[in-house]
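Taking the form predicted on its own, here's one chain by itself in structure tokens.
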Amino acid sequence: MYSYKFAAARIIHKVCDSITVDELAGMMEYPPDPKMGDIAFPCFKLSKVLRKSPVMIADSFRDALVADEDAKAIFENIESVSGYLNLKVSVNALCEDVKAMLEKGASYGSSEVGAGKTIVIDYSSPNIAKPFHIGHLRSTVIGQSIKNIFKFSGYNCVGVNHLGDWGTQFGKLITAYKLWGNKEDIEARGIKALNEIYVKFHKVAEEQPELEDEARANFAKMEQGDEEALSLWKWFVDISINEFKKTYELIGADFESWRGESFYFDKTDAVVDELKAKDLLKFDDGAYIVPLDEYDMPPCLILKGDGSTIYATRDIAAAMFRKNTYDFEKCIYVTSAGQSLHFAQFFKVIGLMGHNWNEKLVHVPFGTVSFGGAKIATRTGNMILLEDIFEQAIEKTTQIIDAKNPDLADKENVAKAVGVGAIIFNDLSNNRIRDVDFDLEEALSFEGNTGPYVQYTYARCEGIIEKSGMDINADTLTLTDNAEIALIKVLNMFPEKVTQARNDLEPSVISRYLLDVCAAFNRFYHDCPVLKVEDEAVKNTRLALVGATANVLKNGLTLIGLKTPKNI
């Protein structure tokens, strides 16, 4: 319906040029009762601006549309009712929509609004030498979906994996490796083995605090360029990235940049120098800070008492590097809501340094995730590993397939697509700021508001088309049932939902919309026989609707990172 809002807005603008077309379109609503039309303009919103009664405004807008030939081709009914302008889209226009959905296929819903603009998206960012745990799931799937949506809208997207690959924890890991590490074991078991000796370090250090001094000394060696220390550090990083990539492949996440914190180690001096030159850096209580009291925030810590940098310093250096390298339209950071203050602080510091592009830095916060109200048991104690979750999901999906469709071709890959997709959809069907309580049984259901339900509906559409053996012809469509019209109107919302998801940085807009598509399709499929109808024109029309539904579901699922097997 988005295009119809703008079509009406462009015509109304001719008699109301004091309001922009975008503003006019943005004021339009979808009536709760279909009898009131498909689009409504509540004209009381303009009463003060135009100094007219809502009834007079609605009448003038109606007259402008009635007199316009383009409007007549789009709207079959144009009414002014008690200060509302009500518009009903014509059946012919809806049929043209179906044709466009089929012709555009994988590009339906896309746009070029971002042509020539670059978006940098910082997401996932796990810590080196630590297992990929549940805390990184939300950042990864939310960030990847936002990236997909911007790319679908014509933007050049740079996905950045800002790895936690620098800091005192590596001094601890080097110390632990020298004391208890085994090269063959670490080569064989990777991150699990590294995490075990790291955990052991903390336990032993409680009884032998001198280990902390040794760890600080080892990290100092790294910062001073010690060959052995850096060689071990790089080995830890390589092992970790190789394991991370396996998870990313499963999720469908991809990155253009893997520059972690270590990359910015030699770039923080310039940040500190600039802060000093602009008299922003103050010495306070043994550390160097940028005071932010004036902005109702605690001070931003830049340097520790010993002169070493911290997260904020490296994040400022990273933001500057990204601006200089990519000249971004926006730089988006996808992290937990618990880090909101940190981002607000260093965004403000960049602004105080005189860089007005700090307004293009955006923090996208998200809530926490739990499982059935409690943490699941894993081989690493109380840490919730994605590996364990995915294994359970795939195994459970395989059991469901064995029970319902044991002869399914490519069963292993389908189980992987559905099982992993269930976890992703369960996360992305919630508003990102909400805390998520994950229930595996519920998420894997083929009914209700789940990923498998949407994937199954898509597969059903593809199955109907394949079974028909017909080539769909959308040039001439014959609509005979209200369920057909209702389905088209829902499908027509896809481009608008993409725009909303992009503007709100909210993937759940797409997920929830896909559930609406499934509901509308299943009502249509219940009320309107497709293959068993004798009238060839009606059969062709309904097959066209099935094909259009398949396209929208596939495009939407792709945006949120779910695969679309044709048989489930």
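When you see a residue number, it is the position in the sequence shown, counting from 1. Just so it is clear, the structure is predicted and the values come from calculations on it, not from any experiment.
Separately, the form predicted in complex with ligand ARG exists; it is not shown, and the next lines address it.
Ligand ARG contact at N218 in the model of the complex, heavy atom, 4.5 Å: Contact with ligand ARG, no.
Close approach of G154 to ligand ARG in the model of the complex, 4.5 Å, heavy atom: Although ligand ARG is absent here, G154 would stay clear of it in the model of the complex, with no heavy atoms inside 4.5 Å.
4.5 Å heavy atom contact, D315 to ligand ARG in the model of the complex: Yes, contact at 4.5 Å.
Distance check, D427 to ligand ARG in the model of the complex, heavy atom within 4.5 Å: Output for D427 is no: heavy atoms all beyond 4.5 Å of ligand ARG.
Single option in K416, K360, K396, H342 placed near ligand ARG in the model of the complex, where near means a heavy atom within 4.5 Å: Contact residue from the list: H342.
Contact assignment for ligand ARG in the model of the complex, among Y248, Y311, F390, F263, heavy atom within 4.5 Å: Contact with ligand ARG in the model of the complex is made by Y311 alone.
Options 297-305, 418-426, 142-150, 124-132; stretch whose heavy atom lies within 4.5 Å of ligand ARG in the model of the complex: Answer to the contact question: 124-132.
Sequence-ordered list of residues in 161-192 near ligand ARG in the model of the complex, where near means a heavy atom within 4.5 Å: Stretch hits, in order: H162, G164.
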